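Here we start with a single chain on its own, the form predicted on its own, put down as C-alpha cells.
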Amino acid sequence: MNLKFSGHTALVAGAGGGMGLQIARDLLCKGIHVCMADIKPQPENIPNGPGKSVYVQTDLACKTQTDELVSVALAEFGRIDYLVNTLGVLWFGKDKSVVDIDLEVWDEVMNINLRSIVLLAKAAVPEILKCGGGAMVHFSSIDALSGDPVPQDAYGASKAALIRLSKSMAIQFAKNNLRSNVILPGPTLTPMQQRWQDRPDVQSEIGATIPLGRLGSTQDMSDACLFLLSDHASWITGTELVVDGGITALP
C-alpha cells in the first residue's frame, strides 16, 4: 500500500533510538518533515530526505523544555500535523511490585512514561488544531493488559494510563479532525531490551513462545504507526492496535 498523508510535519518524541528513530526515518523517506526529540544525543544515521529534519536533545518531562521543543518545530517547519510518542523507560531490577518499589523510582517512571505525554499534548495539540487536525500515535505495551508474576508495576500502570488518556483525547478532539490511537507492542528487539542483544539463543527461545515465531522489530512498529498516521486510517480513532505476533490471542 502506498500510504498517503495529508499533513506535512511530525513531532516524534523518543526519536534517539529504537522505535522512535525508525519511525522518524520512515517518515522522512515519505517526505514528511520531522522534529525529532529525545534526552539521548542525536543519532548518526538520520536520512537526508526527502523530508527535512531537526533534532532536539531535551528532557520531555520538563514543561519548559517541552514548550521550547514545540517552538523549535514551529520555527523550523511552521506547523505540526502529527505527534508520535514512543518515549518510555523499563527499569528491570528497580521497577518491581508496588509494595516493594522505591517511590522515587515510581515517580520517575511516571514522569517519563506519562507526564511527558501530557506535557507534549498540552503544547502540541493546540498547534495541530490550528492546522485543521491531524493524528497522534502513542506507544503503550501489551504489559498494560495483564498482571505479571515478575511485576514492573510502575511501567505497567503508566502504559495502561496512556491507553485511557489516548481514548479521552480521541473523543475530545474528534470534532476537530484530530485522531488519537495507541500501539501495544509485544516483545520487540530494541535498545530497551539490551538483555537480548547478542543473545541469539535467548531471542530464539522467546520467539518460540510467540505464535508468529519471532520477536518484533522496530520496522514492525513503524509500519503500524505510519498506517495509523496516514489518510488510510482516517476513520480510526480511540482504539488500540496490538502488534505482538499473536501473544494476546493465546489461551
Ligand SMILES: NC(=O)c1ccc[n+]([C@@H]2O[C@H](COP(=O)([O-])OP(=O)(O)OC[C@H]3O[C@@H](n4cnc5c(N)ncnc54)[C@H](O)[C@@H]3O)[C@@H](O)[C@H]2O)c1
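A residue's number is simply how far along the shown sequence it sits, counting from 1. Quantities reported herein were computed from a predicted structural model and do not represent experimental measurements.
One more form of this protein should be noted, the form predicted in complex with this ligand, which is absent from this view; the next part is about it.
> This ligand in the model of the complex: within 4.5 Å of a heavy atom of each of 18, 86 and 139?
Each of the three qualifies.
> So in the model of the complex, does any heavy atom of residue 222 sit within 4.5 Å of this ligand?
Judged by the heavy-atom cut-off of 4.5 Å, residue 222 is well away from this ligand in the model of the complex.
> Give a yes or no for residue 58: in the model of the complex, does one of its heavy atoms lie within 4.5 Å of a heavy atom belonging to this ligand?
Residue 58 belongs to the contact set for this ligand.
> Indicate whether residue 202 is a 4.5 Å heavy atom neighbour of this ligand in the model of the complex.
Answer no; every heavy atom of residue 202 is more than 4.5 Å from this ligand in the model of the complex.
> In the model of the complex, does residue 190 come within 4.5 Å of this ligand, counting heavy atoms only?
Yes - in the model of the complex, heavy atoms of residue 190 and this ligand come within 4.5 Å of each other.
> Looking at 63, 52, 40, 214 here, can you tell me which has any non-hydrogen atom within 4.5 angstroms of this ligand in the model of the complex?
For this set of options, the contacting one is 40.
> Among the candidate residues 163, 170, 112, 121, which is the single one with a non-hydrogen atom no more than 4.5 Å from this ligand in the model of the complex?
After the contact test, the surviving option is 112.
> Among the candidate stretches 44 to 52, 31 to 39, 222 to 230, 206 to 214, which one is within 4.5 Å of this ligand in the model of the complex when only heavy atoms are counted?
Residues of 31 to 39 come within 4.5 Å of the partner.
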